[in-house]
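What follows is one chain in structure tokens, specifically the form predicted alone.
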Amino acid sequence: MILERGDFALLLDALQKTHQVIGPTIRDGAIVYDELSSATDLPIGWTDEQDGGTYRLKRRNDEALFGYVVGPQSWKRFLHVPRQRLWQATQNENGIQITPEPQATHRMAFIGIRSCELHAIAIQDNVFLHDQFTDTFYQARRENVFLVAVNCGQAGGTCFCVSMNTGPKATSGFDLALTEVLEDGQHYFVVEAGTANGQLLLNELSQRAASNEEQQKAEAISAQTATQMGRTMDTAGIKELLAQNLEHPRWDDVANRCLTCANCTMVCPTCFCTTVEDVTDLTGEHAERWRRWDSCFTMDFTYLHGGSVRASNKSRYRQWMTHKLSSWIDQFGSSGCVGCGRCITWCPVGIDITEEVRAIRGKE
């Protein structure tokens, strides 16, 4: 189906009747995900330039709505939220009353999800919705979300989704998928419904059937983007490669550069480490237990009686990278990396996970 640019606002309007609509917007010099009130909140005419330790916004020469790649935030922050209260306890004349935190019930619509991010959500589904260990807070949010994907029209300097088989074209996991086309003075979206809910919404909009030529243009955009990857990673035998090179000298090299700032884990769309903290009021009559994001790069994350299990920069970086690309496969049956490149872009010293893999292979 074809949705004209002039009718795009109708898509948001239809979703806003029943959902909180969240999508890309510009704030603090970056493209972030936040609640949208209208289509004018989108980063119209803006793109982002990315490289190791580098991110900046730049004006495009057109009025594309989705002419950027990915920013510092991922959709994880709306499903596996950075801070989650688990319960409250209050002391009164009848003793201590513990009140579990109610589950989120509001419905959200995510606008502008890239294929790599859809794969990241699928990975987190596998982590949090496992039959035996379901995270009910994640489950409640996940069940109430409508996903509108956008196929990438350009790749970023740190993208390597092609290497991870996660993009740039969305093939599953969405309710609607859009390909933005700007050509010969025309501006429209080729739209594909991925679920019955997506088709129902599409039926409400002013749209028409896509011609063969328009479909071919959309396919050509995704194919062209696949040739523009800023990075590549050879994943052949990567699980065994890392598992068999735990004492490789490259770990010392990267440890000398790593600040253990945890930026890579905070921007990663699949990392899920958390810690739990208890807080009380001054009277001692009210207490709360909160879960918040943590990182395997922090000294306290592996603290046991007597000290931290991973006290060195080397051991913490090695844990992160070998988990992401090797032992994650043992745990969940897939890689924990989707090739979005955020960990490279937002590393203050530009450490590049693809470069580290090449070095361990002996190809640097």
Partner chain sequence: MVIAPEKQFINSPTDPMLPQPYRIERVRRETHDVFTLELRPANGTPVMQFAPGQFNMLYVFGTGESAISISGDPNDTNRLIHTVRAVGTVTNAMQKLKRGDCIGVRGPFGTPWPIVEAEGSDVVIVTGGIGLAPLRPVIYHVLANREKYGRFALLFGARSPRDLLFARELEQWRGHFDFNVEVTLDTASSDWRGNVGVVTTLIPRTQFDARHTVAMICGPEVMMRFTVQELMKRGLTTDQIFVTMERNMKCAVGFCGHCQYGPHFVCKDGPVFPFDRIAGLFGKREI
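Note that the structure is a prediction, hence the values are computed from the model and not measured. Residue numbers count along the first chain shown, from 1.
One more form of this protein, predicted together with the partner chain, exists but is not displayed; see below.
Asks: Can you pick the stretch from 66-74, 321-329, 42-50, 26-34 whose heavy atoms fall within 4.5 Å of the partner chain in the model of the complex?
Replies: Result of the contact check: 321-329.
Asks: Determine whether any heavy atom of residue 228 comes within 4.5 Å of a heavy atom of the partner chain in the model of the complex, and answer yes or no.
Replies: Although the partner chain is absent here, residue 228 would stay clear of it in the model of the complex, with no heavy atoms inside 4.5 Å.
Asks: With the partner left out here, check for me: in the model of the complex, does some heavy atom of residue 240 sit within 4.5 Å of the partner chain?
Replies: Judged by the heavy-atom cut-off of 4.5 Å, residue 240 is well away from the partner chain in the model of the complex.
Asks: Consider residue 141 of the chain shown here, and say whether it contacts the partner chain in the model of the complex, taking contact as heavy atoms within 4.5 Å.
Replies: It does not: once the partner chain is placed as it appears in the model of the complex, residue 141 has no heavy atom within 4.5 Å of it.
Asks: Looking at the partner-bound form in the model of the complex, is residue 96 within 4.5 Å of the partner chain by any heavy atom?
Replies: Yes, residue 96 lies within 4.5 Å of the partner chain in the model of the complex.
Asks: Please tell me which of 137, 188, 251, 174 lies within 4.5 Å of the partner chain in the model of the complex, judged by heavy atoms.
Replies: If I apply the 4.5 Å criterion carefully, the residue I get is 137.
Asks: What is the one choice in 154, 235, 232, 275 with a heavy atom within 4.5 Å of the partner chain in the model of the complex?
Replies: Checked against the cut-off, the match is 275.
Asks: Each of 132, 300 and 312 within 4.5 Å of the partner chain in the model of the complex, by any heavy atom, yes or no?
Replies: Result yes, every residue of the spot touches the partner chain.
Asks: Since the partner is left out here, which residues of 61-95 would have a heavy atom within 4.5 Å of the partner chain in the model of the complex?
Replies: If the 4.5 Å heavy-atom criterion is applied to the partner chain in the model of the complex, 61-95 yields 86, 87, 89, 90, 91, 94, 95.
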